[in-house]
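Just one chain follows, in the form predicted alone, and it is written as structure tokens.
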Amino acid sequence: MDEGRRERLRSWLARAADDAGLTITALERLSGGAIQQNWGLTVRRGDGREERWVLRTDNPATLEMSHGRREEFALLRAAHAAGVRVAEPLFACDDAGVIGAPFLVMRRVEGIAAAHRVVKWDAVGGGREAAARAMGRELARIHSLRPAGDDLAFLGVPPADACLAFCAEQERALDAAGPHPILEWGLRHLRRTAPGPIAASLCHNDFRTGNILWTDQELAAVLDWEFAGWGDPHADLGWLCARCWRFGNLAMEAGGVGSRAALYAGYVEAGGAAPDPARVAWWELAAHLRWATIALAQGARHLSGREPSLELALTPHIVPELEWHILREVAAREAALERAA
């Protein structure tokens, strides 16, 4: 960040914090964040106290379904008030003139989120089973938030049927991505076998290994809320348990971290209704389709020229593996339906 933006940021933060003596003593780009940029901030208050914050802002090209920073700030506030472990939200700025794009600022939480490290870490969160239960508890707290009041009005009206709404969304995504017969076949199966509607709750919609911050004692924070919305709570469970988010540690069905049984136990402990295994299985298959369409959209960001990036260019290369899983899973599910008939 150049000196001009840094000084404008300092001035804005001083006003937002009502602290004319506030200074920025360190500012560094943090790793991770294919869709958003995260910056580590160390500030010194006018009375000499030092605090560590994180500034979160947009990359040059974003995904259409991603919330803006003001909306993500509101989601963080609602989650924080509901007892979800998130970084405390501090300020939000809509003025792109400060650093070139809107941003939010939250208190920094220390821990490890890198998925390739987390899935190999037996001591994660106090041990694998403890970690899986902790993920279940956080999901139950997120799902306790229901459509009410004005704070999350920007999320709109909950879908009458979250499964069919998902199918319609994916149909639009595939229309934009061009011909992908295997993905379209998987979507056809999902539409044919969609379970009936249930009451909507807040879904994180990207609750997975890589978006959860850990220490060797606990789950420290749930990150990256830009896709949250009203939906079927089983969608979050299916997304976390999907094979594509186990990062090679396939035996640990809860995100490559712990067991599915421990995840479900923690979910119920925190007040969540006992998950329906058939609904979770539907959403697990849906997760592979959704990740494939997101990967295609990420590649399109690179190809558009708006955001040249090796990471974005390589992301679509995961699609054939996802298609292979969809082929096998749909074939098995169709065979089971035939036997049942």
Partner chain sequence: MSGVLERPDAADLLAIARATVLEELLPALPETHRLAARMVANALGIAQRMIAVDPSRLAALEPRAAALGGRVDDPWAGLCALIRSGAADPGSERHDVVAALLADLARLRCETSAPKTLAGG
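Just so it is clear, the model here is predicted, and its values are computed rather than measured. Residue numbers count along the first chain shown, from 1.
Missing here is the form predicted in complex with its partner chain; even so, the following discussion is about that form.
Although the partner is absent here, residue 118 sits far enough away that none of its heavy atoms falls within 4.5 Å of its partner chain in the predicted bound form. Interface membership of residue 311, defined by any non-hydrogen atom within 4.5 Å of its partner chain in the predicted bound form, is confirmed. Its partner chain is not drawn, but in the predicted bound form it has a heavy atom within 4.5 Å of residue 181. Put simply, residue 91 is far from its partner chain in the predicted bound form: not one heavy atom of it is within 4.5 Å. Look at 203 to 211, 217 to 225, 230 to 238, 169 to 177: in the predicted bound form, residues with non-hydrogen atoms within 4.5 angstroms of its partner chain sit in 169 to 177. Screening 77, 188, 107, 146 for any heavy atom within 4.5 Å of its partner chain in the predicted bound form leaves a single hit, 188. Along 314 to 341, residues 314, 317, 319, 320, 321, 323, 324, 325, 327, 328, 334 each place a heavy atom within 4.5 Å of its partner chain in the predicted bound form.
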